[in-house]
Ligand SMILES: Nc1ncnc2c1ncn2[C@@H]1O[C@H](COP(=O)(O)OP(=O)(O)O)[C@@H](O)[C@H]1O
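As structure tokens, one chain now follows by itself in the form predicted on its own.
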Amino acid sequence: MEVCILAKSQKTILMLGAGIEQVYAIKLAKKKGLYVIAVDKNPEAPGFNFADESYPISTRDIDGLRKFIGKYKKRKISGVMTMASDIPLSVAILAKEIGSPSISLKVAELASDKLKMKRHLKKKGVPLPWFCEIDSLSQLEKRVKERGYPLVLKPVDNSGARGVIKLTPKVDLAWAYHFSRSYSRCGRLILEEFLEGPQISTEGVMWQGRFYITGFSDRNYSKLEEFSPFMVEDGGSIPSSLSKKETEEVNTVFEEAVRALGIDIGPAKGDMVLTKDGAKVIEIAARLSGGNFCDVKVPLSTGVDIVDVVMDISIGDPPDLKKFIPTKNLGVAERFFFPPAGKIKRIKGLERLAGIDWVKKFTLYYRPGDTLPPLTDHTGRAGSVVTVGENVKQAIERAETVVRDIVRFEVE
């Protein structure tokens, strides 16, 4: 039985988001003895079940959030944070309101807009793919004619591969333009060069001028042709297959980009590609990652949990730097389920997973009776499995065995 003793000095944290991706952070905050206030636009958000107080407010409704903390008088809010949600501006504005540590509003604005971010990084000399803003179909057609294929079209203000299209001669540009634009809250698009080479997820924490890189994972895009023109990732694996020299090169450019963007405290996430011309930055996010990266895969592989560290920083407590030191080195892999679109009749094989010790996490995003949409982005993935192994090759083989041979979706 867990006993939690509440003291007068107990700190309060405001958690922006209470969806499935934020449940880990809310539970961790409670385990650390914090009082948790959670907000989410979904009144049935699963994280509400673990928070001390919950309020149905959108994490993007900055005016509503400011009014809430202005009127909230029950307790002093010590810090604000999120996890796996691309809302750096919401976090920064609220942190400034309550006087807790955070990046500046200027940096948060840059991190909220992919085009502004890339323009800023380009000025700072950070290696990037070619890119430009697209504000009309005619401009898209002109740029494609000038640059040639392949290219990538995407909204400036979304995530999870929503609205992201790989342009090839087979893709109708008018359709691509309107499809991608429909996923932009501000109606703006960015066109960029498609980079050939291994794709890497990176993550770290900035604290007192030093950048601690804690996450480095190969991203799996082996199904890119199958899912074309949509750019859907099929998990990843740790440790990376890159050499020590290649890893250092990617990390050097990642840190260069983080510093150039102005992230001087807290988390940073990077989408990187190692091209024949060197490491280049696709995107930098001023937040903790999602998709089981910082809360599941990295801790399983190395023992490092930066959610814990970022939480301390958010409430004004100095982090324990020993938590950045890896304590193990296991192979970890994640793969996703991609059944065809349609209504799920049943899912077979789930009972077999309970007896497999190397399956560390299994998640279903859709259940029997639900209707799977056509796959266009990461929200269309039906579920995922995370496995461990003595090495990364074994972990990958195990994850792919679960997806291929053990769990089966029957769809009508």
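Quick caveat: nothing in here was measured; it's all calculated off a predicted structure. So that there is no doubt, residue numbering starts at 1 and follows the sequence shown.
Although it is not shown, the form predicted together with the named molecule is what the next lines describe.
Have a look at 239, 229, 262, 129 for me and say which one sits with a heavy atom within 4.5 Å of the named molecule in the predicted bound form.
-> Of 239, 229, 262, 129, the residue with a heavy atom within 4.5 Å of the named molecule in the predicted bound form is 129.
Position in contact with the named molecule when the complex is considered in the predicted bound form, options 184, 251, 78, 199, heavy atoms within 4.5 Å | Comparing distances to the named molecule in the predicted bound form, the residue within 4.5 Å is 199.
Among 89-97, 298-306, 314-322, 155-163, which stretch sits within 4.5 Å of the named molecule in the predicted bound form, heavy atoms only?
-> That would be 155-163.
Contact test, all of 346, 370 and 410, partner the named molecule in the predicted bound form, heavy atom 4.5 Å = Answer is no for this spot.
Answer with yes or no whether residue 114 is in contact with the named molecule in the predicted bound form, where contact means some heavy atom within 4.5 Å.
-> Looking in the predicted bound form, residue contacts with the named molecule include residue 114, since a heavy atom lies within 4.5 Å.
Residue 207: heavy atom within 4.5 Å of the named molecule in the predicted bound form?
-> Because no heavy atom of residue 207 falls inside 4.5 Å of the named molecule in the predicted bound form, the answer is no.
Residue 256, heavy atom within 4.5 angstroms of the named molecule in the predicted bound form = No, residue 256 sits far enough from the named molecule in the predicted bound form that none of its heavy atoms falls within 4.5 Å.
Interface membership of residue 195, the named molecule in the predicted bound form, 4.5 Å heavy atom rule | Although the named molecule is absent here, residue 195 would touch it in the predicted bound form, with heavy atoms inside 4.5 Å.
Is any part of 200-237 within 4.5 angstroms of the named molecule in the predicted bound form by a non-hydrogen atom, and which residues would that be?
-> In sequence order, 219, 221, 231 come within 4.5 Å of the partner.
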